[in-house]
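For reference, the chain that follows is the form predicted alone, supplied as structure tokens.
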Amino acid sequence: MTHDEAKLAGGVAVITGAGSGIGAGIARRAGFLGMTVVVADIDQASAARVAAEIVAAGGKAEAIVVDVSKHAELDRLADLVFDKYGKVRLLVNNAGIETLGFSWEIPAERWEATLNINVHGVVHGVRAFVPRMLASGEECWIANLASIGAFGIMPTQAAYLVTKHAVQSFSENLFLELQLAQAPIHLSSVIPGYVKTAIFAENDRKDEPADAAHHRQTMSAMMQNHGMDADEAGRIILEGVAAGRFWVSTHPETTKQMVAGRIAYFQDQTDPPLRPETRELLGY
């Protein structure tokens, strides 16, 4: 029996944004480990498809439609899950969207959606679930999805990156709070590098500036050509989470390089650099 099976098998896992991408990879891995998986996603068809895949493979899963941008929806999710199962062993706050374009050209509605899904979805996921996880008195695990982008900067990607910087900061502070409260809850900040997902695939977004399409196409091609398979990412992530590690990276060396670069930038206190390769990537 693997370490993650020993720690997680038999428990209930709630995973937001689990209808596709990394969330789906984590959900399938949780099902493989013997967890009962709540596949939560705003897209009913996608959530149902992933839940069906888990069941077809011999696991246990159900799909629940949830819009994490609305805190009341996360309260409803917690109510549904705890009323039905009584306990939750693993919560993965994964749901997120990408937004591209110059900050001043992104419509207010898209800004709000990005902040609400990527930041408030994590914050209110924690707020809705932690009190009842604490009340169980049992060992539990929470994973918040940050990103390699939590340690970087990129023009025309500010809307997304600011949310991932925020998730990383929230997770660091939450880790200390759980320690202070002597809570039996392990917290991980999950830092994916390039993983094959569809987060950049929406090339016809009506609520982004027109020139964002070029960036989407470029990044989508890079992820598909060089990215890690989502199921492999799910395996790596749950191994790290079950081990109780705070830092859980799909690409540890890339994370080290990004963090080292960020530290050097802070120490030197230079202007944010606009490199030639960045201009080339963005088509400017």
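So that there is no doubt, residue numbering starts at 1 and follows the sequence shown. What you see is a predicted model; the values in this text were computed from it and never measured.
Keep in mind that the form predicted together with a small molecule is not shown, yet the notes after this line are about it.
J.: Within 4.5 Å of the small molecule in the predicted complex - does that hold for a heavy atom of every one of 142, 240 and 246?
T.: Spot residues vs the small molecule: no contact at all.
J.: Heavy atoms within 4.5 Å of the small molecule in the predicted complex: does residue 194 have any?
T.: Contact check for residue 194: yes, within 4.5 Å of the small molecule in the predicted complex.
J.: With the partner left out here, check for me: in the predicted complex, does some heavy atom of residue 51 sit within 4.5 Å of the small molecule?
T.: Residue 51: no contact with the small molecule in the predicted complex.
J.: Is there a heavy atom of residue 259 lying 4.5 Å or less from a heavy atom of the small molecule in the predicted complex?
T.: No, residue 259 sits far enough from the small molecule in the predicted complex that none of its heavy atoms falls within 4.5 Å.
J.: With a cut-off of 4.5 Å between heavy atoms, is residue 35 one of the residues that contacts the small molecule in the predicted complex?
T.: Flag for residue 35 set to no.
J.: Heavy atoms within 4.5 Å of the small molecule in the predicted complex: which stretch in 123-131, 102-110, 172-180, 68-76 meets that?
T.: Looking at the other structure, the answer is 68-76.
J.: Among 91, 81, 95, 187, which has at least one heavy atom within 4.5 Å of the small molecule in the predicted complex?
T.: Filtering the options by heavy-atom distance leaves 95.
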